[in-house]
Every structure is written in C-alpha cells, then in structure tokens.
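Given next, in structure tokens, is a single chain: the form predicted alone.
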Amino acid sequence: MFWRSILLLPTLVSASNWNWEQIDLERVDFPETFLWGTASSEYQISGAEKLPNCQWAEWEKKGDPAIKGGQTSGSAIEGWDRYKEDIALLKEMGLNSYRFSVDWSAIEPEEGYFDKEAIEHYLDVCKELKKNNIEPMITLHHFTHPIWFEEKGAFEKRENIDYFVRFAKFVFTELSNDVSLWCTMNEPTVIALMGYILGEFPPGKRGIFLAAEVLNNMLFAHVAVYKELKQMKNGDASQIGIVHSYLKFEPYSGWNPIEAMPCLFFTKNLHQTVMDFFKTGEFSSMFFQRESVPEAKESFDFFGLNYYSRPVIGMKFSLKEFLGPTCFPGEVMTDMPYPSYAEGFYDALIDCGTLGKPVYVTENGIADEKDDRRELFIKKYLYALSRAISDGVDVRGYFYWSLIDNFEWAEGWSMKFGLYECDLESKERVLRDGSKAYIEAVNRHNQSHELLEGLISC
C-alpha cells in the first residue's frame, strides 16, 4: 500500500493555477434557461425550537465541544415562519430558483405519524415560490432525520432504508405537482466523515468500517428512492439526483508521504468511491467489501455538486497539532479552514461532467465575516463556472450557499456564509456589500437575454 501510494502522488499535486491578472472576470456567459438561486437546509434556518424531534436537536444538548462555544440553534433565523419574507428577497435579487430541504422530523415526528400541518407548510412554500416564478428544488435528507430513526440505527442498518423510502414517497406524493427538481440526499460522504470518522456530527461515533457501511447504505438508499419515485405519478416529469460534496485532498508537499497518505485515504473514500459508484455501479472503499449495484449507473437524472475548495493537508511542527489544514503561498483563506480556489471549482465541474448527466451546482459560497473577500470569490467562481460551461459541461444551475447566515452545524454561528447577514435578536436581514457581485452577475445575465429576445422578436 505504501509504495502504491507513492506511485499515485503525481495525481495529488496536479492542481490548476490560473494567472488571474490576465483574466477578465466580466467575460462570462451562461445558458438562457440557467437557474440562479440560493440553497438552505431547514434545520439551519429554523433551529431546534421549531424542530425538536430532530436528532440534531438532541446533539446540541451536548454543548461544547459538540457545538463550537456551546452555541445553540434556538429559533435560528426563523426561516420556517419568515419564508414569504425570504422568498421576496430571492425575487428582489432576480433569482429564479431556490433549493431547500423538507425536514423529515417535521413531517414524521413519530414513527408512522405524518403531520398534515407540516406538509401543508411545505406546500405553501412551494406555491409561494411558483407564484414568484421561482423554481423549487427539494432536498429530502440534508443531514437531519427524526430521533426515532436515529434510535433505530439510522443508515447504519440496511433494513432502515425502507423508512426513508416511505418518507420520500409521502413527500413526493404531496409536493410533486409543484416541484420537478429533487435531491435525495445531501453529502453522504460528509455524514460518513463527520458522524462516523471524526465524531463531530451525530451520532458521534468513530470507526472507519462503520463509516464505509453507512456511506454504502446511503448510496443504496438513494438508488432505492430514485427507483420508487420514478414509478410514481409525476415521476417521469421530475428530475431526481443526489448531492455530492467534492473533496479532493492535496498534500502541501507532494514529496512528503506523511501528508500524502491521509490525502489518498480521504480522496479515495470521500470522493472517488462515490464517483465510481455512479460510473460503474460498484461500491468499493478501502474498508468495505465490493458490492455491485448495477442500477446505480442510471439512478440519477442530474448530479448535484457542492464545491467550496480543495482541502490541503500539511505537516505542522507543533506540539498540539501534527497534521492540519493549510494553504499554498499566495492563496486567500476563507473563514473556514480552506482557501478560495476557483480553479478547483472548474476542475470539479469537468470531472462531474464525465458522468454524462446534467450538473447542478447545488452549493458554493464563502464564509467571510468581514465581507472583504466575498465579492472577488463570487466573481472568480462564476468565471470558472462559465469557463466550464464553454468547455462542454452541461451545467443547468448555480445555487449560492446561502441566502442568509444560518446555524453552521458544529461551527455554530461562527461562520457567515450568507448573502444577507441576520441579527439573531431582531432577525433583520441586511444585504452584505460583497453580495452585490452575485446580484449584478444575475441581472447582467437576465438583461442580456431579454435584450436578445427583443432583437429576435423584431
């Protein structure tokens, strides 16, 4: 294994680097029917007070260090109750799509009991979006599920998949008349990493073999949900996909095996395993017996890409830390432990394009509390996106993370991803200056195509 890893080192250090001084960031072009939006998850915008039957609400009770500083989500930004206000912000920005999650614990707080008021709420959200010409995209599992499901072992057990399929079919039956874009799961690899390797997400376990089994079961659950929903009313008219967190780790020093080995481990198990699953129909991680799932190759109508950066692992000569995140010289760090790296966004889009299905950028954004890097981040990443499209990748939409600052899981309230900041007492939403770059890009796109349509009609 060691010498095999050494031979693979060139694949870890082949990062792209563009000369940004020679690039015109205004030279971007997107398809006429392109979807411009933002993304959210229900728990992050509504919190434990609204969703007390969610396993994350229980996890919060552990306090620090489970959640940074012992912070709690509380009522978060009151996303559940202020959805009309937030949809108005989307419309004001010129956006035409919104990705959000339907929280399983709200719909089925007790096993077998489906809350009619909760599903009516989501129906109202969908209709309000449609009324404002905003296309809804629903995520069925965005890190959260009911406590009762967690107590059964959640996705640790293959037999529990049936509960998730039942929930998905119920939601699809109720909402598919108004929704044609569906994401089954958000970032299964992140759940495996954070919940079962690092232990920083519920259930807080640490075991690489169990993590591999959970990832396998979640991918299997996606295939099962896809097959069931496509057979239902509106199934043929719906586009159903999965959301993948694109994580290709790079060693700071390509020659250093102490850095390269963890990069190989994480890249294989948190990225390549998923790509191979959908390309070949085979699930194979370093710690799991190969399983053949031939249906996987045709189990998605689109591929959802969540991309923020590429993690860099370098040796730290410190008594407290030996390995840790870092960046290369000249790179700009975000508030999260990774740099801004638009070239990697382009590479990820090219890679996802090899799956042969349309791609949606289901998340991309920057944590930037000072708001001194957001504008340039947006311009560079949109340039990289436009370049990938011009080079042949069928990208159908882009969803910025996020519309408003929200509860960032184990990071609590410390990470400010929102285009809008939010006062946690008054809940007032205030647009950040750096966010205007996104609004301007969207408006330029809308105006250029309106002008083109006008010329054609003449």
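Note that residue numbering begins at 1 and tracks the sequence as displayed. Fair warning: this is a prediction, and the values are worked out from it, not measured in the lab.
Missing here is the form predicted in complex with D-gluconic acid; even so, the following discussion is about that form.
Visitor: Applying a 4.5 Å heavy atom distance criterion, does E187 contact D-gluconic acid in the model of the complex?
Guide: Looking in the model of the complex, residue contacts with D-gluconic acid include E187, since a heavy atom lies within 4.5 Å.
Visitor: Residue-level contact is defined here as any heavy atom of the residue lying within 4.5 Å of D-gluconic acid in the model of the complex; does F277 satisfy this criterion?
Guide: No, no contact at 4.5 Å.
Visitor: Whether Q55 contacts D-gluconic acid in the model of the complex should be assessed with a 4.5 Å heavy atom distance threshold; does it?
Guide: Result no; Q55 lies far from D-gluconic acid in the model of the complex.
Visitor: Is N269 one of the residues lying within 4.5 Å of D-gluconic acid in the model of the complex, judged by heavy atom distances?
Guide: Looking in the model of the complex, residue contacts with D-gluconic acid do not include N269, since no heavy atom lies within 4.5 Å.
Visitor: Just to be sure I understand the contacts: of W36, F30, W59, W401, which is the one whose heavy atoms reach within 4.5 angstroms of D-gluconic acid in the model of the complex?
Guide: Filtering the options by heavy-atom distance leaves W401.
Visitor: Only one of Y122, F143, F283, F149 gets a heavy atom within 4.5 Å of D-gluconic acid in the model of the complex. Which one?
Guide: Exactly one residue meets the criterion: F143.
Visitor: Which of these stretches, 71-79, 350-358, 135-143, 207-215, has heavy atoms within 4.5 Å of D-gluconic acid in the model of the complex?
Guide: Selected stretch: 135-143.
Visitor: Which residues within 23-52 place at least one heavy atom within 4.5 Å of D-gluconic acid in the model of the complex?
Guide: Result: Q44 alone.
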